[in-house]
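Below sits a lone chain in structure tokens, taken as the form predicted on its own.
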């Protein structure tokens, strides 16, 4: 028997799935990875901890599920979160932790670029909004603030490029991850010279650019032995989690948008044209040549509800965060739409789309004497989803969609998916017990192997079996509350900046 393994290097977890050649899940495992916040605007991860966790989870799946059943692993396909940056020295060793997408320390560099003619040119070339999330801004921050370190850097890698180098010895980055850096001209598929000059680096300081179907070299012999894999096991460089989630939900053309609510969140469409937006609100990431995944991301997805749970959950079992989340959700489900007039701006990690304000902060608004804990829980969930809706609302200025697909461990929770249907007033399709990022990676690998003739054919094979229809009586109160949410998100911009300035005198 033969199978395909997919490995997702997510922000909070490594997810390893095994599929047979028909796309049926054989088994899956995940391991958690912490993010370190040494200061309010800092978000970092230990690259070697992520590598070790990945090996541990992969080996357990192989030893517990695949090897006992005599499965032959034909291919391992990678995906990962975007916007991480890891400086390595000439030996390939990390020079500290990786800086993740949620890190806002490069706010000054991003603002400087965004407010310039050069910034507009770079956005039009790269399709990446000018924000501290982008590796372009992060590298410029290191240059401006850690010059001694900057001079010793041999290469700037993403976490996925680092993992692939550890496994195969090759320095590679796929078009999808590269197109999220702010360093790649997505029209020419070459490193952008204007971005290079702003960051102060040369193309030789970045990994080799390759298509998502590229084999990333052979697995090192030590790992062949340790994992029990053959030398001919293909290692595919793969794509980004956002592109794979969109593909995995079968979104490939007009009329449908894809929503992910995982740690962060996003709403995306796919097409053969770049979204041209004068306000620079959207990303345009490459899946393959002339195939773009466009939309907007939020920093503040499920990670905010997890934070809320850790602060306010009952924790009868102190180690079971998921059970505590479900208990809070059960309380929230008893509160009507609108949370009794309590609003939550979920900007604990600043914000990306659509306000693109790294200074944004969390706010509870409208609190009165009748509000109880369950109102706060409901308001926290509604705030996360209002932010998703705000991205979708602006996206519809450019692309029309009549229905939504939804994925992510939070997005597929019944209360989340029903609320999304109600807020958008559109039907939502999903499949329970189904992981879109991993399935998208399976489809990519299966296409590379010839099981599908193209990614379009692969996308059309996806069947989302569950349909959630909107409760129209909830839509009106949601929109009335959302309108206040939207105004607060922009009206408080000066106060956001002032409170951040107090923390950095």
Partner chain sequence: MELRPFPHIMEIGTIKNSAIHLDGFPCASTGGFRIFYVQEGKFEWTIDHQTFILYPGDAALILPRREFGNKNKVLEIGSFSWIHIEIRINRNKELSIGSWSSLSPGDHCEVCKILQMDHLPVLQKFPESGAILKGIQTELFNKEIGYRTRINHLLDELLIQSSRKIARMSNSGRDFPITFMDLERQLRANLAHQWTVEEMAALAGLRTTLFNEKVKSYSGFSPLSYLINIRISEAIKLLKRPDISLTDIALETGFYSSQHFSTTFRKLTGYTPSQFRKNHLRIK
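Residue numbers count along the first chain shown, from 1. Values in this document were obtained by computation on a predicted structure and should not be read as measured data. Whichever C-alpha set is largest while still superposing within 1.5 Å between the two forms counts as the rigid core.
We do not show the form predicted in complex with its partner chain, though everything after this point is about it.
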Original post:
Taking heavy atoms and a 4.5 Å cut-off, does residue 279 contact its partner chain in the predicted complex?
Top reply: no
Subject >> Non-hydrogen atom contact residue 475 with its partner chain in the predicted complex at 4.5 angstroms >> reply: no
Original post:
Should residue 272 be counted as a contact of its partner chain in the predicted complex, where contact means heavy atoms within 4.5 Å?
Top reply: no
Original post:
Counting only non-hydrogen atoms and a 4.5 angstroms cut-off, does residue 55 reach its partner chain in the predicted complex?
Top reply: yes
Subject >> Position in contact with its partner chain when the complex is considered in the predicted complex, options 194, 320, 146, 208, heavy atoms within 4.5 Å >> reply: 320
Subject >> Sole residue of 370, 93, 432, 204 within 4.5 Å of its partner chain in the predicted complex, by heavy atom >> reply: 93
**OP:** Report the stretch among 180-188, 246-254, 304-312, 385-393 that approaches its partner chain in the predicted complex to within 4.5 Å, counting heavy atoms only.
**Re:** 304-312
Original post:
Mind listing which residues of 214-240 have a heavy atom within 4.5 Å of its partner chain in the predicted complex?
Top reply: 220, 222, 223, 226
Original post:
Superposing on the rigid core, is the CA of residue 312 displaced by 2 Å or more between this form and the one not shown?
Top reply: yes
Original post:
Does the C-alpha of residue 373 move 2 Å or more between this form and the one not shown once the rigid core is lined up?
Top reply: yes
Original post:
Taking the rigid core as reference, does residue 325 move its C-alpha 2 Å or further between this form and the one not shown?
Top reply: yes
